[in-house]
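We begin with a single chain expressed as structure tokens, specifically the form predicted on its own.
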Amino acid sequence: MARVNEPTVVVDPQVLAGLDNYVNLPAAQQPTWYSAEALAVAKAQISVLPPLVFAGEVDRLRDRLAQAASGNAFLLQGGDCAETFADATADRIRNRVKTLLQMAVVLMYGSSLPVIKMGRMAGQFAKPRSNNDETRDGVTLPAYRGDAVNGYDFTEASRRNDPARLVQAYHTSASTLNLVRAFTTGGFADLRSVHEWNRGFSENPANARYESLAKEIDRAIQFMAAAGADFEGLKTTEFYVSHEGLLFDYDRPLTRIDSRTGTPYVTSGHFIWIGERTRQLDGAHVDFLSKVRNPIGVKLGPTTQPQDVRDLIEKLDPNREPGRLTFITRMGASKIREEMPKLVEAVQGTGCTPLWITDPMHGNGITTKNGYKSRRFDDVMDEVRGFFEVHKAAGTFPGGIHIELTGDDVAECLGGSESIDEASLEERYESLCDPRLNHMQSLELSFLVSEMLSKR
């Protein structure tokens, strides 16, 4: 990602008053911090730190998403369910980036479209919770809300909601972004190298069904080389970061006014999404994010009604700006074919052309007999197929996928070509929140989605 000029902070009382209207509205999923004084100190520290991303990068992403919404690009968004400070190591960041780059090459070939690469990273340190507290053996402590709020260990000290963690989240995100920028501009993302990584995947006997597609990609790259294609231009790639806009005490101090336009940008990430639990029309999250220039996503679950979609469009995209609004459907494999068509139909006639992408993970959760939260790979793929079927029937474009994944050799989701079973979960389960596709399952998904894109 090329650096652009940092926006200058301009104090505009009218703009800031509108931006801060959210404080007058109900705000779901906010932690109760142990100290108001400590929170004030943390927010003050964050507010004077440099932005993590820049307005020009955000604007470029909005343009790219507009291309996807019109059917001329495809979005690949993926990463951890919830990042942790401990896992923000060079090796693990590299593995996540590597996995997304590998998937992107396969998707790009299958779709014959540019693939927008976006990580759930450098900011995904907070998670919504069903309950504020957790009880074990008669002991009740605050629920784990992600490393930006508290620790996972079930102790009073660990589970204290500590605002100092917000500052640590900033610094961990900054170091993550520094490494991501180095990987994506320093030759690591060279198309030829990425293809070589995929060749090893396809030559594995368990993945023999994908060997034909891998050979086609190989011939295409050889042809480009023989034709004298400029591989210098293929050694770098754009890469964007995203997270759920959950914690006002983090995102608001990192919201800056761009001196070029006088408009606010959330500089904690390029793309911010609103979760299923916080998308209330009269709530603080929708109001706050309606005031910023970042492209905004909204998760839509199976209970979403057509009027909800129309109301969200009016609130978040009143000017019908291409690339502004992304709808992320998370219906579940058993419900997507029934529930999603009415939402796609609801958009027609509004003048809005949102980008539609699928999150096939969150609607397919199960608990295994041995007590692990998991998902079945077959259910994930069935929801993706349903997503494509709905768009084909409606004549609209299936514009992307949103996946919880890791680049590591974990076992958290059942099935796939590795045939991960419940016994495997006991040996290689690492997630502190929701189960993720591992490296091999992520690549398998990309080959299957590539086949769907080639037939659309």
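Position 1 is the first residue in the sequence shown; the rest follow in order. Treat the numbers as computed from the prediction; the structure is a model and nothing was measured.
Beyond what is shown, the protein has a form predicted together with phosphoenolpyruvate (PEP); the following relates to that form.
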Tell me, yes or no, whether residue 341 is in contact with phosphoenolpyruvate (PEP) in the model of the complex, where a contact means a heavy atom of each within 4.5 Å. no
Is residue 383 a contact residue for phosphoenolpyruvate (PEP) in the model of the complex, using a 4.5 Å heavy atom cut-off? no
Determine whether any heavy atom of residue 114 comes within 4.5 Å of a heavy atom of phosphoenolpyruvate (PEP) in the model of the complex, and answer yes or no. no
I'd like to know whether residue 273 contacts phosphoenolpyruvate (PEP) in the model of the complex, with contact meaning heavy atoms within 4.5 angstroms. yes
Heavy atom within 4.5 Å of phosphoenolpyruvate (PEP) in the model of the complex: which of 322, 128, 332, 151? 128
Among the candidate residues 81, 118, 347, 107, which is the single one with a non-hydrogen atom no more than 4.5 Å from phosphoenolpyruvate (PEP) in the model of the complex? 81
Choose one stretch from 207-215, 172-180, 274-282, 143-151: the one whose residues place a heavy atom within 4.5 angstroms of phosphoenolpyruvate (PEP) in the model of the complex. 274-282
Which residues, if any, of 344-383 lie within 4.5 Å of phosphoenolpyruvate (PEP) in the model of the complex when only heavy atoms count? 359, 362
